[in-house]
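The form predicted on its own is given below as one chain in C-alpha cells.
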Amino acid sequence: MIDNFKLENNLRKLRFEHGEISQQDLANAVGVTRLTIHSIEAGKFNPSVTLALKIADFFKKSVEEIFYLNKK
C-alpha cells in the first residue's frame, strides 16, 4: 500500500554541498519561507510538484536525486 512509504529528501546535504547555503537563501531562491524549507527537510511537509521542480532546478538535479520514497 502507498501508506507504507514516506517521502524523504537530501535537501540539507545538497545545501551544504552548494557552499553551505542557508535555508533562508534557498527559500528566497525558490519563493517560499524559511519555515517551508525547514519543514521539508524535517519530513513534516511534502512540497508541491511545482516547488519540488523549482528546488531541483536550483540545484541542477533531477527531482529523484533530491526526493525519494522510503518504505516505513
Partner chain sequence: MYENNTYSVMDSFSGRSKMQSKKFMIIKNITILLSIISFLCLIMNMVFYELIRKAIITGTGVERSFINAQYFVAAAFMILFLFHLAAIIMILLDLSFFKKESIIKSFIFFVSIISFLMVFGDFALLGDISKEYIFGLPDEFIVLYVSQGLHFLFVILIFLLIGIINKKRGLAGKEVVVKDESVFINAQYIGLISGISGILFLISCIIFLPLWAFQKGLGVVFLAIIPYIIIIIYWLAMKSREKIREWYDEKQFHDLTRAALIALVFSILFNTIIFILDRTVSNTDIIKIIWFPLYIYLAVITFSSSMLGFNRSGALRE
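Numbering follows the first chain given and starts at 1. Model, not experiment: these values are computed from the prediction.
Here the subject shifts to the form predicted together with its partner chain, a form of this protein not shown in this document.
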**Asked** Is residue 57 close enough to touch its partner chain in the model of the complex, meaning at least one heavy atom pair within 4.5 Å?
**Response** yes
**Request:** Flag residue 14 as yes or no: does it have a non-hydrogen atom within 4.5 angstroms of any non-hydrogen atom of its partner chain in the model of the complex?
**Result:** no
**Asked** Heavy atoms within 4.5 Å of its partner chain in the model of the complex: does residue 22 have any?
**Response** yes
**Request:** Evaluate residue 62 for contact with its partner chain in the model of the complex, applying a 4.5 angstroms cut-off between non-hydrogen atoms, and reply yes or no.
**Result:** no
**Prompt:** Going by heavy atoms, what in 13-39 lies within 4.5 angstroms of its partner chain in the model of the complex?
**Reply:** 15, 22, 23, 24, 25, 28, 29, 31, 32, 33, 34, 35, 36, 38, 39
